[in-house]
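First, one chain by itself: the form predicted on its own, in structure tokens.
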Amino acid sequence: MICLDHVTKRYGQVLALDDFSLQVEAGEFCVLVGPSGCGKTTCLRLINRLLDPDEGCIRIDGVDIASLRPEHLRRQIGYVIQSVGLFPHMTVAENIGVVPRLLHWPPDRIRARVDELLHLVSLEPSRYRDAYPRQLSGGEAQRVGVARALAADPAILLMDEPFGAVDPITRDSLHSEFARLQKALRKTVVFVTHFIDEAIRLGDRVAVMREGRLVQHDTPEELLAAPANDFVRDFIGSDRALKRLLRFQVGTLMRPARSVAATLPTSDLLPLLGGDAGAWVLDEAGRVVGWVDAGAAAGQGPVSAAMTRTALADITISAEASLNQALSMMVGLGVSSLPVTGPEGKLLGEVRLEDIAGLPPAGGRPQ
């Protein structure tokens, strides 16, 4: 889908890209990662014809982009940047509809597309359609930026450190959300970051850059298992085994979980546990409200009076979260399992420390 063929770009005496070649397949999520000044953003600006190369050529779907009008090319490519770049005087709906209006879509079609995309990025249209950028949080604004980039259904999405300006908690949420979107939409994405963890978590392939050159272009699994040289090894860091857990979602290791109703008499608990050490406690709506140990069976009253681990925000995890997050939570809480919850806190299953520890060594690609 995208081919940079021996591309060189200079800014005066500074060599930003040096005989740089890269291929990105259709539907692939390619992450460009490397230290500041290595040429990552220059690559994106060249693909979008905000810059032209001094040497070499760039082809999209086999066509040399130098033969295309820049404005025609850009309307076929979604572009998301770190500062979001929403127009402050426009509503969310007007921001998302910018490119469709340039393409002369009818108003009804634009409105339907805006609502569709707001649903897609988990923002309720009735609440956000008429809001202004100043009324949005950083994470909400970034979601609107992604929706705007997707408005005309481009085949290619360019993303320049889109999550770099948000806090770590919001960034984790956006990672999960965007991974879900990409799984559904299968756009061809070129994503720039200087966070190696972000590259490993999101990318189908990762291109490690240094001083305008491509050092290694591989799947995250291969990058972690076999760094090309000392620079790549040092850039990844010494915790390669832990970083590999970023590639797996909790849902891949989720197993059925034993659960009991909060209203159950503790005297009835033991037969339901079937030898397990305890169970997750659910309210009438199926939401996790705590944990009860098998030892509580000797007590009196309902299970709700004997349960522990009631700080739900600290103990539950979503199926889309990474195993790296799950392991970190377990270590921090001193527990060996976490309940996996879906919408409205309903129990889906659990993830256990023993299953994370039992993952096979690097080699196969996680689903």
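In this text the structure is predicted, and so the values were computed from the model without any measurement. Residues carry their position along the shown sequence, with the first being 1.
Beyond what is shown, the protein has a form predicted together with adenosine-5'-diphosphate; the following relates to that form.
Although the partner is absent here, residue 16 is a contact residue: one of its heavy atoms lies within 4.5 angstroms of adenosine-5'-diphosphate in the predicted complex. adenosine-5'-diphosphate is not drawn, but in the predicted complex it has no heavy atom within 4.5 Å of residue 67. In the predicted complex, at least one heavy atom of residue 36 sits within 4.5 Å of a heavy atom of adenosine-5'-diphosphate.
Heavy atoms of residue 324 never reach within 4.5 Å of adenosine-5'-diphosphate in the predicted complex, leaving it off the interface.
Between adenosine-5'-diphosphate and the residues 316, 48, 337, 41, the one pair within 4.5 Å by heavy atoms in the predicted complex involves 41. Contact with adenosine-5'-diphosphate in the predicted complex, judged as any non-hydrogen atom within 4.5 angstroms, is confined among 28-36, 295-303, 52-60, 327-335 to 28-36.
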